[in-house]
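Below sits a lone chain in structure tokens, taken as the form predicted on its own.
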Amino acid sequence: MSSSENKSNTEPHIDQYAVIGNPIEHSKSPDIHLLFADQTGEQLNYKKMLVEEGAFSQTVTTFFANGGKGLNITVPFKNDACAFVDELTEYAKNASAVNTIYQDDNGKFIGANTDGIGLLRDLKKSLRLQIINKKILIIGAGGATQGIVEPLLHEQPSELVIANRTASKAKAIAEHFNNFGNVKACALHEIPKQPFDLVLHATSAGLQGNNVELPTEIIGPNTCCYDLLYSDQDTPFMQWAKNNHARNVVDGFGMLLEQAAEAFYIWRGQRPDTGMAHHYFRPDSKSKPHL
């Protein structure tokens, strides 16, 4: 046996992970998970994969057949992922949306949804915001909204309104979750012209540099605005919120870190330090420091 052959046989296997979506180039997930791996001493590789619509199932099947250990799923495939897996965690089942996939010991594909957990952890850290008895408005009715409604309702807001350009999509989500709390739905032009404590922007419009038209009355002196998208510059929604004097305006980078940390824990059984990670990626962040 040659020395090169002996070396290849003794090199440790590195577990493979990835995030798949379309678009995907903007994703910071590889940097985040590799930092988590450094923190916890785990050995893994993590990449981003652009997938064309219609190719989701084949891509996932091939990834795991080639030894992949876990996937994160982003726009627009969270519903495709839900249909693909063999079993769903409770949050993923209720949300009908999956952002994390892994295989169990029997080879079954398990779908989880860590979006809501990630959002709540970041709201409580970056905004110091408790949800109980608060009025919440969610803009958008896609997979991201499906993933956050149940965890938000568990925190007992006084009211949760889902507004979407196509009202029927918002109403379908509201009806699905009405057993968990006070949740309503409407079209964008039907949004109640009243201040909300928390406005969550959950559409993909910002990825194209666009914004949805919203009534300025939803912003009061104590309103917090949160864009589930993340960007190194203010998103169009964040610019709008600041122009209308919202009390706090943040993007979804903290949520990204927290949901990624939950996925990392599901895969590896280790909890990364998201506060350190936030400081590492955004050392000049003006938001309140993570605990």
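These numbers come from a predicted model, not from an experiment. One rule holds for the numbers: they count along the sequence shown, beginning at 1.
Unshown form predicted together with a small molecule; subsequent notes refer to it.
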property	result
Listed range touching the small molecule, judged in the predicted complex by heavy atoms within 4.5 Å, from 87 to 95, 130 to 138, 161 to 169, 148 to 156	161 to 169
Close approach of Ser126 to the small molecule in the predicted complex, 4.5 Å, heavy atom	no
In the predicted complex, Ser204 touching the small molecule (heavy atom, 4.5 Å)	yes
Touches the small molecule in the predicted complex: Ile110 (any heavy atom, 4.5 Å)	no
Partner contact for Ala144 in the predicted complex: the small molecule, 4.5 angstroms, heavy atom	yes
